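Let's start with one chain on its own, the form predicted alone, as structure tokens.
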Amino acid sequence: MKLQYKWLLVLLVISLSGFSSDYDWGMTGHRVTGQIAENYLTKKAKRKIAKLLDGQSLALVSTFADEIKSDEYYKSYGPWHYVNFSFDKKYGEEKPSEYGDLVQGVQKCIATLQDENSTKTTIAFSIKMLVHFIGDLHQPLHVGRGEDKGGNDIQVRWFREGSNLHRVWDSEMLDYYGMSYTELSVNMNTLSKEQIKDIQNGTTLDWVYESQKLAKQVYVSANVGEKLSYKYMYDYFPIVRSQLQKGGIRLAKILNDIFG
């Protein structure tokens, strides 16, 4: 009985881990986005933000929104990490979640930062959350289908280990690549001024639709139970890198418009 009980516990842990995403983009991915954003901030915006964050970098605070998940006080912010709506609809054509979503979360953070009556504490909190949410917005499966929890319910194998499609995109490709967030952030694609300007163009919703378009590709990239390994990395890791870079550049654009 003891042996059976032990295996039941193991299976329960595997099952639960396959249906959850503890870190969106993984800690490394979020820090990459934060670090890249730092590189595109104006001097004025960088000074103001550093003062508001008491010297903490955007890379450091980028994981704050995940770190507070264990605190019941912040439970209401959970739904702000993702947005789900039908792939053949525009955002708002279906009733948005009453609990909030990623789009609403980004909008509320920006509104707080633009409000002259906001305190330093609320501004600092909103910067930390915004850094994370812009990162989430660029992870395609955070704009995926609600019925499979953004790919969390799509079980696959990552090399020899059990996993799910969401986790592969959140962290496992990044972890397998083996670079630190600083190494990744300085080894992104070289972009021209025109390319940077093109990335910065658009609204939050434009970027959501762009991620949702990628989500459609991700959903057909693997079958349930499929073993993903070297070929999958070769085919899809360039998208991961590109999305992290876009997230950082766009985050900087938002912050420069407010503080620069």
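In this text, all values refer to a predicted model and were calculated from it rather than measured experimentally. Residues carry their position along the shown sequence, with the first being 1.
Quick note: we don't show the form predicted in complex with a small molecule, though the next part is all about it.
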property: Option touching the small molecule, based on a heavy atom within 4.5 Å in the predicted complex, out of Leu141, Val168, Ile154, Ile134; result: Leu141
property: Residue contact check: Asn84 to the small molecule in the predicted complex, 4.5 Å heavy atom; result: yes
property: Proximity of Lys108 to the small molecule in the predicted complex, heavy atoms at 4.5 Å; result: no
property: Listed range touching the small molecule, judged in the predicted complex by heavy atoms within 4.5 Å, from 124-132, 90-98, 182-190, 143-151; result: 143-151
